[in-house]
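One chain follows as structure tokens, the form predicted on its own.
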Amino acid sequence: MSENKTTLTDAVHDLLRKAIIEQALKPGMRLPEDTVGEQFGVSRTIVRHALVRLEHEGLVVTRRNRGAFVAEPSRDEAQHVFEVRRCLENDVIRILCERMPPSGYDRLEAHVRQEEAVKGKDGPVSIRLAGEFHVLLAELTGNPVLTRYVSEIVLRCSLIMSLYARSHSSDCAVDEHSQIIDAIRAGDAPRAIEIMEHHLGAVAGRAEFSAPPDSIQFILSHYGKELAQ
């Protein structure tokens, strides 16, 4: 692929990913190559390459003879993703308590200021910034493999939350991000991990992972009671 095509593919990939993370593109929404290409002024080939990358990240699925769709993770998959995320982020905390690059705290505090600026004002941007804080933590470890896995898992969690979450509150997220930074600065890994566990638990707690009752018998049983009265 030429350098120009690679650059365009990167741009389309990043824009589609941003739209998914900010929940503008909803789970299950179809992504026709011609429509996406027309909106971004690029060829279907460019769009196809971008969609393949998104599929590798777990954000898009391709269905035979139907095209690409925003992924719809199952409840079991969602729970598994959150379990893996807790493990990965706890390792990030341990590493940062041992070694933090000189500019690390400045970068983290600058990011939290961005979160503060949109708190209660712009839900989609707040959601994206909240996820990017965790990716920044991973980047500061200096471990590119760990960063890649955390980045992918955070993206998938954003998609999961758009499908299953009841609401998004940025207030607690920003406060806990600051507390995590303070604990890492103090070299207190157990405390930082405790805050992170509570933080991720609160995020997962907003998701309704238990399968809703969907049988016609259950749905109509409530109405049947009115007939019996």
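So that there is no doubt, residue numbering starts at 1 and follows the sequence shown. We call the rigid core whatever largest set of C-alpha positions still superposes within 1.5 Å between the two forms. All values reported here derive from a predicted model rather than from experimental measurement.
We do not show the form predicted together with the DNA, though everything after this point is about it.
When you look in the model of the complex, the only residue of 56, 66, 26, 198 with a non-hydrogen atom within 4.5 Å of the DNA is 66.
The closest non-hydrogen atom of residue 48 lies within 4.5 Å of the DNA in the model of the complex. Proximity of residue 188 to the DNA in the model of the complex falls outside the 4.5 Å heavy atom cutoff. The shortest heavy atom separation between residue 31 and the DNA in the model of the complex is within 4.5 Å.
The DNA in the model of the complex comes within 4.5 Å of a heavy atom belonging to residue 43. Only one segment in the set 35-43, 190-198, 177-185, 156-164 has residues whose heavy atoms sit within 4.5 Å of the DNA in the model of the complex; it is 35-43. After superposition on the rigid core, the Cα atom of residue 190 is displaced by less than 2 Å between this form and the one not shown. When the rigid core is held fixed, the Cα atom of residue 180 travels less than 2 angstroms between this form and the one not shown. Put the two forms on the same core and the Cα of residue 53 is off by 2 Å or more between this form and the one not shown.
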